[in-house]
Structure formats: C-alpha cells, structure tokens
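Below you'll find only one chain, the form predicted on its own, shown as structure tokens.
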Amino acid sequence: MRRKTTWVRGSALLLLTAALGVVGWCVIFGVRAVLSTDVLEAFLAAYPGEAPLPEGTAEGIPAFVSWTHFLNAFFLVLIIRSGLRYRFEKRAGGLWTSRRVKKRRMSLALWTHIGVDLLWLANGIVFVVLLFASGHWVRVVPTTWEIVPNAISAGLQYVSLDWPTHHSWVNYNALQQLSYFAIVFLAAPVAALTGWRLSTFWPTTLNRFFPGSAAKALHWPTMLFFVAFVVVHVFLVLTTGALRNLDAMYAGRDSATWVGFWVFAASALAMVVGWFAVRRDDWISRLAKLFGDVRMMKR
C-alpha cells in the first residue's frame, strides 16, 4: 500500500512538473509574440529597462558594499538555518537562561537565531549609514518615476528570455534597483520587527499594539521572500556574465577575471561551514555561556 501511494505521489509530481513546464513555455512564447508588435517595440525603445541616475552619480561599487554584502549573505544563511531548526525542532538540545532576568529562557536554537539576527542588523545599519554617507544610495533608492515603466520593460525581457543588457558597474536595471530597495528598506525591517515581537525580549506592554499572531503571519513569509530573492539573485549573477559580476562585487573592479570568482568561492565555503556549525549545540553552548547560563538537555 505504501509503495502504491509513493508511486501515485511521484507520478502526480511528474505530471505537475510537466504541466508547469508547458505553461512556462506558453508564457515565454506569448510574451515574445507580444514584444514583436510595433507598440511594444516602441515601448522597449523608450524604456530599455534601466532608469536614469541623477547627474554626477559616480560609477563603480564601493568597497563597503562588497564586505557588507558578504556579511549580509553569511549572516542570512545562519539566520535561515537556525530559524528552520527552531521551527521544526521537536526537543531542544539545550536551554539558555539570562543571568539578569531569570524568566527569560529559550532554546539554544532560538538563542542562536536571535544572536545572528543582531549581527545581521548591525551589519545592515552600517551598510545603510555608509550607503547614504557615500552617495551610493541613488543606485538603490529610486529617484524617478521612470523606474516603473523600465521595471515593466525589464520584467518582460526576462520572461521572454531575451534578458536586458545592463552594466551593473554603472547602473542596475530597474528590476534590480526595485528588488534591492525592497530587500533593504522593506523586507529587512519587517523581518527585524516581527522577529523581535516573537522573541522573549519584546515588552509585554506592547502586545496589544502588535499581536503575536500578526508577527507569526508575517515572519515566515518574509523569510521565504528572502530565500526566493537569494535563489533568483544568485542564478542571474551566474548566468548574466558571471566573471564580470563577481569581479565587480567581490574584487571591486570593472573586469572579467577569476579574482572575484575565487573570493566568491571562499565566501561560499564559509557559508557552508557556518550552515553546519549552527547545528552543533556543543559549539553554540560555549558561546552562549558568555552571555547567560546554559543547561544541556539529554536527547
């Protein structure tokens, strides 16, 4: 009976995948057909997918963008891993208790999640401060309503698989700019606020203004949004001129050498190590003991 159920589920999954593939190809060719019309050709000519920047905007990617980008990705990986562990952990491997507030107690998985959250937020604050101090904010924050038709244009080009040509060293395309703006100034604050609400550090006097049910309804979808963004972002980086993109972000230069790739590879290795490190309660407990009392639980 179990084998039959597995076979039925497998067949259903294959059929669903095939159906989605057919629908996807229909959408692609449908968009291509529409883009070949005179009206849409004129639209793409007027709005190629890249909104103009304010006059005098400096080219290039500052060094602070490179190292905060790595730290953001590194901490985000740890946040997702520790968050998944906390959400699906049936029994805590250890408990952390505050020395100052004895009622403030949580599992090591949650303590890790909150601890990495704080590092991620600190890195984000540094990034935003430097973003505005350097003037690089105009590359991330839309400054003209032309961003809207250009974003639509870029989206249509992506869907048609005739991807928009752009030079990120000079200017992001409109969809990139809107995506980065949404991540930095919308999704990140929502993740931080809802995470704070779900932690033991939230002031109970504010419960009526922000119910826990609302925070739970927002926090998980926000994490899924981050995951989706990362998957699409990495895919596009590697398929739209990988060496040039990696050189710009990790080596800080407008070229297409292997330097940026190797720096990226080293950073990816660090993320893999971090992913497995947050699973080790014996390692986490040593760090947690610096900030409170830890009691390990028997498995």
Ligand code: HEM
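All residue numbers refer to positions in the sequence shown, first residue = 1. Keep in mind that this is a model prediction, so the values were computed, not measured.
Just so it is clear, the following notes concern the form predicted together with this ligand, a form of the same protein that is not shown.
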Can you say which of 23-31, 38-46, 238-246, 51-59 gets within 4.5 Å of this ligand in the model of the complex, counting heavy atoms only? 238-246
Consider A154 of the chain shown here, and say whether it contacts this ligand in the model of the complex, taking contact as heavy atoms within 4.5 Å. no
State yes or no: in the model of the complex, is some non-hydrogen atom of A270 no more than 4.5 angstroms from a non-hydrogen atom of this ligand? no
So in the model of the complex, is this ligand close enough to A174 to count as touching (4.5 Å, heavy atoms)? no
Tell me, yes or no, whether L95 is in contact with this ligand in the model of the complex, where a contact means a heavy atom of each within 4.5 Å. no
Only one of L130, L178, A73, V159 has a non-hydrogen atom within 4.5 angstroms of this ligand in the model of the complex; which is it? A73
Proximity to this ligand in the model of the complex, single hit among S168, S107, N123, T143 (heavy atom within 4.5 Å): S168
Listed by sequence position, which residues of 224-253 have a non-hydrogen atom within 4.5 angstroms of this ligand in the model of the complex? F226, F229, V230, H233, V234, V237, N245, L246, M249, Y250
